[in-house]
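Before any questions on how it binds or moves, here is one chain, the form predicted on its own, in C-alpha coordinates.
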(Lines give C-alpha, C1' and ligand atoms only; values in the text may rest on other atoms or scores of the structure.)
Protein backbone atom coordinates (compact mmCIF):
# COMPACT_ATOMS: atom_id res chain seq x y z
CA UNK A 1 0.00 0.00 0.00
CA UNK A 2 2.85 2.39 0.81
CA UNK A 3 4.29 1.67 -2.63
CA UNK A 4 0.93 2.40 -4.29
CA UNK A 5 0.62 5.76 -2.54
CA UNK A 6 4.22 6.60 -3.44
CA UNK A 7 3.44 5.86 -7.09
CA UNK A 8 0.35 8.09 -6.89
CA UNK A 9 2.33 11.04 -5.53
CA UNK A 10 5.10 10.47 -8.09
CA UNK A 11 2.58 10.43 -10.94
CA UNK A 12 0.92 13.56 -9.60
CA UNK A 13 4.22 15.41 -9.46
CA UNK A 14 5.03 14.22 -12.97
CA UNK A 15 1.75 15.62 -14.25
CA UNK A 16 0.59 12.32 -15.79
CA UNK A 17 -2.90 12.43 -14.25
CA UNK A 18 -5.78 14.03 -16.10
CA UNK A 19 -7.77 14.93 -12.95
CA UNK A 20 -5.89 14.22 -9.71
CA UNK A 21 -3.79 17.19 -8.70
CA UNK A 22 -5.24 19.46 -11.36
CA UNK A 23 -7.69 22.37 -11.11
CA UNK A 24 -10.47 21.41 -13.50
CA UNK A 25 -13.52 23.60 -14.14
CA UNK A 26 -16.94 22.18 -13.26
CA UNK A 27 -18.87 21.19 -16.35
CA UNK A 28 -21.86 23.22 -15.13
CA UNK A 29 -19.90 26.26 -13.94
CA UNK A 30 -20.54 28.42 -17.01
CA UNK A 31 -24.32 27.91 -16.93
CA UNK A 32 -24.38 28.63 -13.19
CA UNK A 33 -22.51 31.93 -13.36
CA UNK A 34 -24.34 33.13 -16.48
CA UNK A 35 -27.79 32.30 -15.08
CA UNK A 36 -28.56 29.73 -17.76
CA UNK A 37 -29.07 26.87 -15.31
CA UNK A 38 -32.72 25.94 -14.86
CA UNK A 39 -34.05 25.12 -11.43
CA UNK A 40 -37.44 23.63 -10.60
CA UNK A 41 -38.82 27.08 -9.71
CA UNK A 42 -37.91 28.45 -13.15
CA UNK A 43 -40.76 26.49 -14.68
CA UNK A 44 -43.86 28.62 -15.25
CA UNK A 45 -47.33 27.07 -15.39
CA UNK A 46 -50.64 28.85 -16.00
CA UNK A 47 -53.27 28.81 -13.27
CA UNK A 48 -50.62 27.95 -10.65
CA UNK A 49 -51.68 27.61 -7.00
CA UNK A 50 -49.37 28.33 -4.08
CA UNK A 51 -49.34 26.17 -0.93
CA UNK A 52 -48.56 27.66 2.48
CA UNK A 53 -48.77 25.89 5.83
CA UNK A 54 -50.49 26.99 9.01
CA UNK A 55 -48.07 25.69 11.62
CA UNK A 56 -48.06 24.90 15.30
CA UNK A 57 -47.32 27.70 17.73
CA UNK A 58 -46.32 25.24 20.46
CA UNK A 59 -43.65 22.63 21.03
CA UNK A 60 -46.16 20.14 22.42
CA UNK A 61 -49.95 20.42 22.58
CA UNK A 62 -53.25 18.71 21.91
CA UNK A 63 -55.36 20.20 19.11
CA UNK A 64 -58.83 20.83 20.46
CA UNK A 65 -60.36 22.70 17.51
CA UNK A 66 -59.36 24.20 14.16
CA UNK A 67 -61.42 27.12 12.79
CA UNK A 68 -60.89 27.66 9.06
CA UNK A 69 -63.72 30.14 8.44
CA UNK A 70 -61.61 33.30 8.40
CA UNK A 71 -58.97 31.65 6.22
CA UNK A 72 -61.55 30.41 3.72
CA UNK A 73 -62.90 33.95 3.35
CA UNK A 74 -59.57 35.34 2.08
CA UNK A 75 -59.82 36.30 -1.59
CA UNK A 76 -57.93 33.88 -3.83
CA UNK A 77 -58.09 30.84 -1.54
CA UNK A 78 -58.94 27.79 -3.66
CA UNK A 79 -58.85 25.01 -1.09
CA UNK A 80 -57.64 24.17 2.40
CA UNK A 81 -56.15 20.74 3.04
CA UNK A 82 -56.40 18.95 6.38
CA UNK A 83 -55.22 15.53 7.50
CA UNK A 84 -58.56 14.10 6.38
CA UNK A 85 -57.62 14.88 2.77
CA UNK A 86 -54.41 12.82 2.84
CA UNK A 87 -55.06 9.22 1.72
CA UNK A 88 -52.28 7.78 3.91
CA UNK A 89 -51.45 10.50 6.41
CA UNK A 90 -48.06 9.09 7.41
CA UNK A 91 -44.63 9.77 6.04
CA UNK A 92 -43.18 6.50 4.80
CA UNK A 93 -39.45 7.26 5.04
CA UNK A 94 -38.82 4.61 7.70
CA UNK A 95 -40.64 1.95 5.68
CA UNK A 96 -38.40 2.55 2.69
CA UNK A 97 -35.17 2.27 4.69
CA UNK A 98 -36.24 -0.97 6.35
CA UNK A 99 -37.20 0.43 9.75
CA UNK A 100 -40.53 1.22 11.34
CA UNK A 101 -43.14 2.01 12.27
CA UNK A 102 -44.13 5.06 10.21
CA UNK A 103 -45.13 7.59 12.86
CA UNK A 104 -44.98 11.15 11.50
CA UNK A 105 -48.25 12.56 10.15
CA UNK A 106 -48.19 14.53 6.92
CA UNK A 107 -50.64 16.99 8.50
CA UNK A 108 -51.22 17.03 12.26
CA UNK A 109 -54.29 15.19 13.51
CA UNK A 110 -55.01 15.50 17.24
CA UNK A 111 -51.67 16.85 18.52
CA UNK A 112 -48.45 18.63 17.62
CA UNK A 113 -45.00 17.57 18.79
CA UNK A 114 -42.80 20.47 17.69
CA UNK A 115 -43.10 24.18 17.08
CA UNK A 116 -43.75 24.68 13.38
CA UNK A 117 -45.41 21.31 12.76
CA UNK A 118 -47.81 21.64 9.77
CA UNK A 119 -51.51 21.53 10.62
CA UNK A 120 -53.36 22.65 7.48
CA UNK A 121 -52.23 23.65 3.97
CA UNK A 122 -53.70 26.69 2.25
CA UNK A 123 -53.89 26.62 -1.56
CA UNK A 124 -54.37 30.05 -3.10
CA UNK A 125 -53.91 31.95 -6.36
CA UNK A 126 -50.98 33.92 -4.96
CA UNK A 127 -48.42 33.27 -2.27
CA UNK A 128 -49.48 36.46 -0.51
CA UNK A 129 -53.10 35.29 -0.31
CA UNK A 130 -51.99 31.87 0.96
CA UNK A 131 -49.86 33.44 3.69
CA UNK A 132 -52.67 35.79 4.71
CA UNK A 133 -55.07 32.88 4.99
CA UNK A 134 -52.58 30.74 6.91
CA UNK A 135 -52.22 33.53 9.46
CA UNK A 136 -56.01 33.53 9.93
CA UNK A 137 -56.32 29.83 10.78
CA UNK A 138 -57.42 29.68 14.41
CA UNK A 139 -56.30 26.67 16.45
CA UNK A 140 -57.38 25.94 20.01
CA UNK A 141 -54.61 24.11 21.86
CA UNK A 142 -54.24 22.35 25.16
CA UNK A 143 -50.57 22.94 25.82
CA UNK A 144 -48.56 20.02 27.22
CA UNK A 145 -45.13 19.93 28.91
CA UNK A 146 -42.33 19.99 26.35
CA UNK A 147 -39.28 17.72 26.51
CA UNK A 148 -36.37 19.62 24.98
CA UNK A 149 -33.31 17.85 26.37
CA UNK A 150 -32.12 14.31 25.51
CA UNK A 151 -30.83 13.58 29.02
CA UNK A 152 -34.15 14.65 30.52
CA UNK A 153 -36.08 12.67 27.90
CA UNK A 154 -34.64 9.32 29.04
CA UNK A 155 -34.99 9.91 32.78
CA UNK A 156 -37.53 7.76 34.63
CA UNK A 157 -40.69 9.74 35.21
CA UNK A 158 -40.29 12.04 32.20
CA UNK A 159 -43.63 12.04 30.33
CA UNK A 160 -43.52 10.09 27.07
CA UNK A 161 -44.24 12.27 24.05
CA UNK A 162 -44.65 9.32 21.67
CA UNK A 163 -47.68 7.02 21.32
CA UNK A 164 -45.62 3.89 21.99
CA UNK A 165 -45.01 5.17 25.53
CA UNK A 166 -41.28 5.83 25.33
CA UNK A 167 -39.02 8.71 24.38
CA UNK A 168 -36.59 6.43 22.53
CA UNK A 169 -36.74 4.48 19.28
CA UNK A 170 -37.08 0.76 19.93
CA UNK A 171 -34.68 -1.54 18.07
CA UNK A 172 -36.18 -5.05 17.94
CA UNK A 173 -37.40 -4.81 21.53
CA UNK A 174 -34.33 -2.99 22.87
CA UNK A 175 -34.46 0.68 23.86
CA UNK A 176 -31.06 1.38 22.30
CA UNK A 177 -28.64 0.02 19.72
CA UNK A 178 -25.84 -2.03 21.26
CA UNK A 179 -22.43 -3.15 19.98
CA UNK A 180 -20.15 -5.27 22.14
CA UNK A 181 -16.80 -6.94 21.62
CA UNK A 182 -14.47 -8.56 24.15
CA UNK A 183 -14.56 -7.97 27.92
CA UNK A 184 -14.57 -4.21 28.44
CA UNK A 185 -14.89 -4.25 32.21
CA UNK A 186 -11.92 -6.59 32.66
CA UNK A 187 -9.83 -4.51 30.24
CA UNK A 188 -10.54 -1.34 32.20
CA UNK A 189 -9.31 -3.07 35.37
CA UNK A 190 -6.06 -3.95 33.57
CA UNK A 191 -5.55 -0.51 32.02
CA UNK A 192 -2.72 1.72 33.23
CA UNK A 193 -4.61 4.90 32.36
CA UNK A 194 -8.31 5.73 32.05
CA UNK A 195 -9.51 8.76 30.14
CA UNK A 196 -13.16 9.80 30.13
CA UNK A 197 -14.49 12.87 28.34
CA UNK A 198 -17.84 14.10 27.03
CA UNK A 199 -18.63 15.86 23.76
CA UNK A 200 -21.71 17.64 22.51
CA UNK A 201 -22.94 19.09 19.23
CA UNK A 202 -25.90 21.32 18.43
CA UNK A 203 -28.38 20.89 15.57
CA UNK A 204 -26.85 22.09 12.30
CA UNK A 205 -29.07 23.52 9.57
CA UNK A 206 -28.12 22.86 5.95
CA UNK A 207 -29.13 26.42 4.93
CA UNK A 208 -29.17 25.80 1.16
CA UNK A 209 -29.27 28.86 -1.10
CA UNK A 210 -32.35 27.36 -2.79
CA UNK A 211 -35.03 26.47 -0.26
CA UNK A 212 -36.85 23.12 -0.37
CA UNK A 213 -39.66 23.09 -2.91
CA UNK A 214 -41.67 21.34 -5.61
CA UNK A 215 -44.29 21.99 -8.29
CA UNK A 216 -46.88 19.31 -9.12
CA UNK A 217 -48.64 19.45 -12.50
CA UNK A 218 -51.72 17.41 -13.53
CA UNK A 219 -51.24 15.58 -16.82
CA UNK A 220 -53.68 13.82 -19.18
CA UNK A 221 -54.65 10.28 -18.24
CA UNK A 222 -54.59 10.85 -14.48
CA UNK A 223 -50.82 11.23 -14.27
CA UNK A 224 -48.87 13.91 -12.38
CA UNK A 225 -45.48 15.41 -13.11
CA UNK A 226 -43.55 16.53 -10.07
CA UNK A 227 -40.77 19.08 -10.57
CA UNK A 228 -38.67 18.93 -7.43
CA UNK A 229 -35.27 19.92 -6.08
CA UNK A 230 -35.07 16.59 -4.30
CA UNK A 231 -31.72 14.87 -3.93
CA UNK A 232 -33.33 11.46 -4.44
CA UNK A 233 -35.83 11.31 -7.31
CA UNK A 234 -36.86 7.66 -7.02
CA UNK A 235 -37.06 7.80 -3.23
CA UNK A 236 -39.31 10.84 -3.62
CA UNK A 237 -41.50 9.07 -6.16
CA UNK A 238 -41.96 6.01 -3.95
CA UNK A 239 -42.71 7.98 -0.77
CA UNK A 240 -45.13 10.39 -2.44
CA UNK A 241 -46.99 7.59 -4.24
CA UNK A 242 -47.40 5.55 -1.06
CA UNK A 243 -48.68 8.55 0.90
CA UNK A 244 -51.16 9.49 -1.84
CA UNK A 245 -52.30 5.98 -2.68
CA UNK A 246 -51.16 6.39 -6.30
CA UNK A 247 -49.76 3.62 -8.48
CA UNK A 248 -46.11 4.44 -9.06
CA UNK A 249 -46.68 4.66 -12.82
CA UNK A 250 -49.02 7.65 -12.34
CA UNK A 251 -46.31 9.83 -10.85
CA UNK A 252 -43.32 11.19 -12.75
CA UNK A 253 -40.56 12.99 -10.86
CA UNK A 254 -38.36 15.47 -12.70
CA UNK A 255 -35.24 16.34 -10.73
CA UNK A 256 -32.33 18.41 -11.96
CA UNK A 257 -30.07 21.03 -10.48
CA UNK A 258 -30.26 21.25 -6.69
CA UNK A 259 -29.35 24.62 -5.26
CA UNK A 260 -27.71 23.11 -2.20
CA UNK A 261 -28.90 20.00 -0.42
CA UNK A 262 -26.22 18.32 1.72
CA UNK A 263 -28.72 15.61 2.73
CA UNK A 264 -31.49 18.01 3.66
CA UNK A 265 -33.56 17.41 0.54
CA UNK A 266 -34.22 13.69 0.91
CA UNK A 267 -37.08 13.79 3.42
CA UNK A 268 -39.95 14.11 0.88
CA UNK A 269 -41.80 16.75 2.93
CA UNK A 270 -43.09 19.18 0.31
CA UNK A 271 -43.78 16.82 -2.60
CA UNK A 272 -46.80 14.88 -1.24
CA UNK A 273 -48.70 18.09 -0.42
CA UNK A 274 -47.95 19.60 -3.84
CA UNK A 275 -49.22 16.49 -5.65
CA UNK A 276 -52.26 16.17 -3.36
CA UNK A 277 -53.17 19.78 -4.09
CA UNK A 278 -52.92 19.10 -7.82
CA UNK A 279 -55.04 15.96 -7.44
CA UNK A 280 -57.83 17.76 -5.57
CA UNK A 281 -57.93 21.00 -7.60
CA UNK A 282 -56.83 19.90 -11.06
CA UNK A 283 -54.37 22.81 -11.10
CA UNK A 284 -50.56 23.00 -10.81
CA UNK A 285 -49.45 23.54 -7.21
CA UNK A 286 -46.19 24.97 -5.92
CA UNK A 287 -45.12 24.34 -2.34
CA UNK A 288 -41.80 25.78 -1.23
CA UNK A 289 -40.31 26.76 2.11
CA UNK A 290 -39.74 30.40 2.88
CA UNK A 291 -36.29 31.21 4.21
CA UNK A 292 -37.73 31.30 7.72
CA UNK A 293 -39.32 27.88 7.27
CA UNK A 294 -36.11 26.45 5.85
CA UNK A 295 -34.27 27.54 8.97
CA UNK A 296 -36.98 26.53 11.45
CA UNK A 297 -38.69 23.38 10.18
CA UNK A 298 -36.45 21.72 7.60
CA UNK A 299 -34.70 18.85 9.34
CA UNK A 300 -31.18 19.67 10.63
CA UNK A 301 -28.28 17.40 11.48
CA UNK A 302 -29.11 15.77 14.81
CA UNK A 303 -27.57 17.14 17.98
CA UNK A 304 -25.54 14.47 19.77
CA UNK A 305 -24.07 13.90 23.20
CA UNK A 306 -21.19 11.46 23.30
CA UNK A 307 -19.22 10.17 26.26
CA UNK A 308 -16.03 8.22 25.54
CA UNK A 309 -14.19 6.26 28.19
CA UNK A 310 -10.85 4.74 27.20
CA UNK A 311 -8.58 2.30 28.96
CA UNK A 312 -4.98 2.71 27.77
CA UNK A 313 -1.94 0.52 28.41
CA UNK A 314 1.39 2.02 29.48
CA UNK A 315 2.75 1.65 25.95
CA UNK A 316 -0.14 3.67 24.43
CA UNK A 317 -2.34 0.83 23.18
CA UNK A 318 -6.05 1.51 23.67
CA UNK A 319 -7.27 -1.75 25.17
CA UNK A 320 -10.83 -0.72 26.14
CA UNK A 321 -13.30 1.80 24.80
CA UNK A 322 -16.81 2.43 26.15
CA UNK A 323 -19.02 4.89 24.26
CA UNK A 324 -22.43 6.26 25.16
CA UNK A 325 -24.29 8.16 22.42
CA UNK A 326 -27.53 10.14 22.67
CA UNK A 327 -28.87 11.23 19.26
CA UNK A 328 -31.61 13.89 19.31
CA UNK A 329 -34.17 12.74 16.73
CA UNK A 330 -36.47 15.62 17.51
CA UNK A 331 -40.19 14.93 17.45
CA UNK A 332 -40.20 12.25 14.73
CA UNK A 333 -37.89 9.58 13.39
CA UNK A 334 -37.19 10.48 9.74
CA UNK A 335 -33.64 9.15 9.16
CA UNK A 336 -32.39 9.42 12.76
CA UNK A 337 -32.92 5.75 13.80
CA UNK A 338 -30.76 4.75 10.85
CA UNK A 339 -28.22 7.45 11.68
CA UNK A 340 -28.02 6.14 15.24
CA UNK A 341 -27.19 2.65 13.95
CA UNK A 342 -24.46 4.19 11.81
CA UNK A 343 -23.12 6.10 14.81
CA UNK A 344 -22.89 2.94 16.93
CA UNK A 345 -21.42 0.78 14.17
CA UNK A 346 -18.80 3.40 13.33
CA UNK A 347 -17.29 3.24 16.78
CA UNK A 348 -14.57 2.85 17.91
CA UNK A 349 -13.47 4.69 14.80
CA UNK A 350 -10.57 3.65 12.54
CA UNK A 351 -8.75 2.06 15.45
CA UNK A 352 -8.39 -1.55 16.56
CA UNK A 353 -9.54 -1.79 20.16
CA UNK A 354 -9.96 -5.37 21.42
CA UNK A 355 -12.62 -4.59 24.03
CA UNK A 356 -15.48 -2.32 23.03
CA UNK A 357 -18.93 -1.45 24.37
CA UNK A 358 -21.16 0.93 22.43
CA UNK A 359 -24.64 1.99 23.56
CA UNK A 360 -26.53 4.42 21.34
CA UNK A 361 -29.98 5.86 21.98
CA UNK A 362 -32.17 7.54 19.35
CA UNK A 363 -34.04 9.98 21.60
CA UNK A 364 -37.29 11.85 20.91
CA UNK A 365 -37.70 15.46 22.05
CA UNK A 366 -40.15 18.23 21.16
CA UNK A 367 -37.67 19.75 18.73
CA UNK A 368 -37.67 19.96 14.94
CA UNK A 369 -37.16 16.43 13.55
CA UNK A 370 -33.56 15.81 12.53
CA UNK A 371 -32.41 13.81 9.56
CA UNK A 372 -29.64 13.33 7.01
CA UNK A 373 -26.71 15.70 6.61
CA UNK A 374 -23.36 14.83 5.02
CA UNK A 375 -22.15 11.67 6.76
CA UNK A 376 -24.79 11.87 9.48
CA UNK A 377 -24.26 9.33 12.25
CA UNK A 378 -20.50 9.44 11.63
CA UNK A 379 -19.36 13.07 11.40
CA UNK A 380 -19.96 14.14 15.00
CA UNK A 381 -18.66 10.81 16.28
CA UNK A 382 -15.41 11.30 14.33
CA UNK A 383 -15.04 14.77 15.83
CA UNK A 384 -15.42 13.33 19.32
CA UNK A 385 -13.06 10.40 18.66
CA UNK A 386 -10.28 12.51 17.20
CA UNK A 387 -10.45 15.11 19.97
CA UNK A 388 -10.31 12.18 22.40
CA UNK A 389 -7.17 10.85 20.65
CA UNK A 390 -5.53 14.27 20.87
CA UNK A 391 -6.36 14.48 24.57
CA UNK A 392 -4.89 11.05 25.24
CA UNK A 393 -1.72 11.93 23.33
CA UNK A 394 -1.35 15.21 25.19
CA UNK A 395 -1.94 13.67 28.63
CA UNK A 396 0.49 10.82 27.93
CA UNK A 397 3.09 13.11 26.34
CA UNK A 398 2.85 11.19 23.07
CA UNK A 399 3.06 12.44 19.49
CA UNK A 400 -0.57 12.48 18.23
CA UNK A 401 0.47 11.08 14.83
CA UNK A 402 2.35 8.21 16.37
CA UNK A 403 -0.43 7.38 18.84
CA UNK A 404 -2.83 7.09 15.91
CA UNK A 405 -0.40 4.99 13.88
CA UNK A 406 0.07 2.64 16.80
CA UNK A 407 -3.68 2.06 17.19
CA UNK A 408 -4.76 2.34 13.53
CA UNK A 409 -6.60 -0.67 12.16
CA UNK A 410 -4.81 -2.94 9.71
CA UNK A 411 -5.97 -5.47 7.14
CA UNK A 412 -7.28 -8.55 8.91
CA UNK A 413 -8.19 -6.79 12.16
CA UNK A 414 -11.67 -7.47 13.50
CA UNK A 415 -13.91 -4.45 14.01
CA UNK A 416 -16.21 -4.23 17.00
CA UNK A 417 -19.25 -5.09 14.86
CA UNK A 418 -17.53 -8.33 13.71
CA UNK A 419 -16.44 -7.18 10.27
CA UNK A 420 -12.89 -7.86 9.12
CA UNK A 421 -10.90 -4.88 7.91
CA UNK A 422 -10.04 -5.08 4.22
CA UNK A 423 -8.21 -2.60 2.02
CA UNK A 424 -7.12 -0.36 4.88
CA UNK A 425 -4.84 2.53 4.01
CA UNK A 426 -5.03 4.57 7.20
CA UNK A 427 -1.41 4.02 8.17
CA UNK A 428 -0.18 5.14 4.76
CA UNK A 429 -2.49 8.15 4.70
CA UNK A 430 -1.23 9.31 8.13
CA UNK A 431 2.37 8.82 6.98
CA UNK A 432 1.72 10.77 3.79
CA UNK A 433 -0.03 13.57 5.70
CA UNK A 434 2.90 13.82 8.11
CA UNK A 435 5.30 14.01 5.18
CA UNK A 436 3.30 16.69 3.41
CA UNK A 437 3.27 19.01 6.42
CA UNK A 438 6.85 18.25 7.44
CA UNK A 439 5.90 16.44 10.66
CA UNK A 440 8.73 14.10 11.72
CA UNK A 441 7.95 10.45 12.43
CA UNK A 442 10.15 7.88 14.11
CA UNK A 443 11.75 5.20 11.93
CA UNK A 444 9.43 2.65 13.50
CA UNK A 445 6.33 4.65 12.50
CA UNK A 446 7.66 5.27 8.98
CA UNK A 447 8.10 1.50 8.58
CA UNK A 448 4.54 0.68 9.60
CA UNK A 449 2.08 -0.69 7.05
CA UNK A 450 -1.66 -1.33 6.86
CA UNK A 451 -0.85 -4.80 5.57
CA UNK A 452 0.70 -5.99 8.82
CA UNK A 453 0.81 -5.18 12.52
CA UNK A 454 4.23 -4.93 14.14
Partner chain sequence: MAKLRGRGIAAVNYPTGMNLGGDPSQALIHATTTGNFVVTLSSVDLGQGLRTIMTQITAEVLGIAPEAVMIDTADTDTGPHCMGTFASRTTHRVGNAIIMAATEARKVLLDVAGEELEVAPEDLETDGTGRIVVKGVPGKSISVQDAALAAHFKHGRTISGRGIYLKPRSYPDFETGAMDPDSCQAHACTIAEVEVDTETGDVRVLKLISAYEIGRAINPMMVEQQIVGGSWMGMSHALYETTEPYYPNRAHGPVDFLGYLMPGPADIPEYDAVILERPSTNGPFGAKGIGEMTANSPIPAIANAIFDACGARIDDLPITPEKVLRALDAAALAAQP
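Rigid core (definition): largest C-alpha set, two forms, superposition within 1.5 Å. Residue numbers count along the first chain shown, from 1. Keep in mind that this is a model prediction, so the values were computed, not measured.
Absent from the display: the form predicted in complex with the partner chain. The rest refers to it.
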property	result
Interface segment, criterion being heavy atoms within 4.5 Å of the partner chain in the predicted complex, picked from 206-214, 307-315, 273-281, 185-193	206-214
Residue 352: touches the partner chain in the predicted complex, heavy atom cutoff 4.5 angstroms	no
4.5 angstroms heavy atom contact with the partner chain in the predicted complex for residue 413	no
Residue 387 within 4.5 Å of the partner chain in the predicted complex, heavy atoms	yes
Proximity of residue 375 to the partner chain in the predicted complex, heavy atoms at 4.5 Å	yes
In the predicted complex, the residue from 68, 425, 63, 396 that sits within 4.5 Å of the partner chain by heavy atoms	425
Contact residue in the predicted complex, chosen from 159, 222, 292, 101 - any heavy atom within 4.5 Å of the partner chain	292
Sequence-ordered list of residues in 377-401 near the partner chain in the predicted complex, where near means a heavy atom within 4.5 Å	378, 379, 380, 382, 383, 386, 387, 390, 391, 394, 400, 401
Flag for residue 443, CA shift 2 Å or larger between this form and the one not shown after aligning core	no
Residue 26: Cα shift of 2 Å or greater between this form and the one not shown (core-aligned)	yes
